[in-house]
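Heads up, the chain below is alone and in the form predicted alone; it's given as structure tokens.
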Amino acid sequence: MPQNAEKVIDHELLFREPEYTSMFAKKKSEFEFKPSDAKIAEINEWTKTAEYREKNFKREALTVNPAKACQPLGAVFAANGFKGTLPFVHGSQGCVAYYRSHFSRHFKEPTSCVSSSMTEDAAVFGGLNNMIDGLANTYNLYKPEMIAVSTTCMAEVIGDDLDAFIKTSKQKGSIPEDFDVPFAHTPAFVGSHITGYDNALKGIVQHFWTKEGERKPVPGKINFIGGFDGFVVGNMPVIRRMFDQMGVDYTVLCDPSDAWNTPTDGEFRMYDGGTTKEETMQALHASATIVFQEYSAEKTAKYIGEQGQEVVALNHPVGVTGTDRFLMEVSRLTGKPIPEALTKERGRLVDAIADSQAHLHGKKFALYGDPDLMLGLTGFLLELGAEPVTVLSTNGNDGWAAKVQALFDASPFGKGCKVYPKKDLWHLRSLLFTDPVDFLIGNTYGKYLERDCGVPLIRLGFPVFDRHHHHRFPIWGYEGSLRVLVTLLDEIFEAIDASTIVTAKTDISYDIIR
């Protein structure tokens, strides 16, 4: 029966209806070349072998499903972390639609971002006129306190000069001469989203610190940079709470946690929360800056260090050791003691680990994602007695791989574990077949590996599109580590239940108590 207004069903069932199944079958038979089912099965089995893996790892000219996004996406993330700031991407509307939708699908919140709407003529003659008109429209329509400019591939290939374009736009009256327009060149064909975050954040910090002038150090005052973080909505309140409990004088440089966690109360907030311009300028005078993700803030950290501040570069503080190191560094830099409340919180995490260690010991994991997240999760898995057999990062370099290997070498559970920098998810597919594991940790795109390889996916990373509100829960600190622990255990118990569910056959272990 054809679809009609009286029969409206969800897409999950819609495409199983006879009119669709017959249409798909007809399309395959009449328009598509299709080898025999036997040949397809033969090739599919071959791709699971060590022979195919060797060929797969030799490819150089092709990337298949990389676990990364492009630079401008990271730049938009950074811009959203500053009060009243509208990200402005010098490029096409299609590119900006991708950045907005990517964040909106992950955070389940609207993400404001505009473009200079470059098209074919701008690709030939340059995008100056697009910049002039775009900045004028942005300033007059959306009333931002600041416009943060980044670029896409098109603008970079033709060599548009943002500094010159912004100055010309001001001269032509698009925006006032004293209006803040920090910028960064973020070519999407090199680096990744963490590179773009770094470039954009450095551009913003450098813009305001140059305006501020001479540095006048304030002892005990510190800055905090969280890096590109898909869990920022949950993580940032945890960090602020710990700083407040210690009585620290601090500034968070780039905090989009409110922008992607606005309430529904009848008021639309195009801008919400974020680091103010005054806070950004005063951050120059801090005695030190703590960076949670050294690989997503390399250039920014270097610039800050050049201004005379001590820079402490950490990785995602997931687990006891990572959080301990963070708090001890804060105490050293500020002279503030770690309060009893945080010591108790640590003890509760240790207690929870002890309660559940038997279920985690010896479990084998493969994980993929951004380099700092991989370091944090690898360290935590080793603390739990689990085995991170495969750790892969498309945007991780050889230096990152050496740090992961050092974690392996320092733990008895790291023996036989391997790290793979600059590899993609098609490489990981081969590894899942030839070096099997119990669980997979990564972002939503791993669900195809879960289906193909039969390895349960634990969603920890960016983006998470197919589950709701994971971003609202922290993964940093003792509190966040407990959340990660529960997430791991839930998936382990789900897998046990799934394998013991058949009545009178496997259900002897279908237990009520775990």
Partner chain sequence: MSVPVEDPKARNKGFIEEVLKVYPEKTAKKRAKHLGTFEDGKADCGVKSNIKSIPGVMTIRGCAYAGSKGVVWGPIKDMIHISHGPVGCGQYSWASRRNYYIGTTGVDTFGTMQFTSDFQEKDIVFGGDKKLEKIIDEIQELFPLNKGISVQSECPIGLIGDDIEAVSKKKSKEYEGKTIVPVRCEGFRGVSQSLGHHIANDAIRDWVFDKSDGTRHPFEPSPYDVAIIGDYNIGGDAWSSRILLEEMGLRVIAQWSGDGTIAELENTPKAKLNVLHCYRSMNYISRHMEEKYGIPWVEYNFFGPSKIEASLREIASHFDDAIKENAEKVIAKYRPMMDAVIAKYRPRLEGKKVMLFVGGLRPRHVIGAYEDLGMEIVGTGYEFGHNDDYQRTTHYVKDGTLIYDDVTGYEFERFVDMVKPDLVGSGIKEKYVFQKMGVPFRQMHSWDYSGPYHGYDGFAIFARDMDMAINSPVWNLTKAPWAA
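Numbering follows the first chain given and starts at 1. Bear in mind that the values here come from a model prediction, so they are computed numbers and not experimental data. For the two forms, the rigid core is made up of the largest set of C-alpha atoms that agree within 1.5 Å on superposition.
Note that the form predicted in complex with its partner chain isn't included here; everything after this is about it.
With a 4.5 Å cutoff on heavy atoms, P35 counts as touching its partner chain in the predicted bound form. Taking the partner from the other structure, its partner chain in the predicted bound form has a heavy atom within 4.5 Å of a heavy atom of E267. Within 4.5 Å of some heavy atom of its partner chain in the predicted bound form lies at least one heavy atom of P263.
Using a 4.5 Å cutoff between non-hydrogen atoms, I338 does not count as a contact of its partner chain in the predicted bound form. Taking a 4.5 Å heavy atom cutoff to its partner chain in the predicted bound form, the contact residue among E298, E109, E145, E212 is E109. A heavy atom within 4.5 Å of its partner chain in the predicted bound form is found for exactly one of C70, L485, V455, I458: C70.
Contact with its partner chain, judged by heavy atoms within 4.5 Å in the predicted bound form, is confined among 239-247, 359-367, 272-280, 101-109 to 101-109. In the predicted bound form, every residue of the candidate spot (P66, D121 and N140) has a heavy atom lying within 4.5 Å of its partner chain.
For the partner-free chain shown, E30, F31, E32, F33, K34, P35, K39, I40, I43, N44, W46, Y52, K55, N56, K58, R59, E60, A61, L62, T63, V64, N65, P66 of 30-66 come within 4.5 angstroms of its partner chain in the predicted bound form, judged by any non-hydrogen atom.
A displacement of 2 angstroms or greater separates the C-alpha positions of K26 between this form and the one not shown, with the rigid core held in common.
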